[in-house]
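A single chain comes next, written as structure tokens; it is the form predicted alone.
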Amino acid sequence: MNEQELREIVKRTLHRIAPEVDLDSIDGKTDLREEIDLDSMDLLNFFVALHEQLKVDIAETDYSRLTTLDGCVQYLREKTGAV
């Protein structure tokens, strides 16, 4: 799996949580809570969905690393060994 594939997985997962969001307009560096109006329950569901899809354990202490699209991709690259 490469970085682009991870980015697409993250976007699809976000779309499941917030289907009204235009995924192509997401700024990779902007906090997802602000940009697409996710609340804490949405974020938790997002993290759980990523865990289920990728079989990656996401520690609660790492949640702050997954608040942007770019942060999610970087974190998941590290955890999955993607190139």
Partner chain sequence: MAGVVIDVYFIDVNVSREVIGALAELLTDIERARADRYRFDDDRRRSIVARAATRRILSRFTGTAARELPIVEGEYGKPELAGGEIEFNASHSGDLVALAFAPQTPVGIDVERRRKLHDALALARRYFSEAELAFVEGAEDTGAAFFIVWTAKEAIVKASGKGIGASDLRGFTVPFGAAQLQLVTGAWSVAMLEPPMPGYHAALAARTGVEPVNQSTVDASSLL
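On a predicted model such as this, the values are computed, not experimentally measured, just so you know. Numbering follows the first chain given and starts at 1.
Here the subject shifts to the form predicted in complex with its partner chain, a form of this protein not shown in this document.
Annotated contacts: R33, D39 and L44 all touch its partner chain in the predicted complex [non-hydrogen atom within 4.5 angstroms]. Within this chain, L14 is remote from the site of its partner chain in the predicted complex, having no heavy atom within 4.5 Å. When contacts are judged by a 4.5 Å heavy atom cut-off, L54 does not count as touching its partner chain in the predicted complex. Along 55-82, residues I58, A59, E60, T61, Y63 each place a heavy atom within 4.5 Å of its partner chain in the predicted complex.
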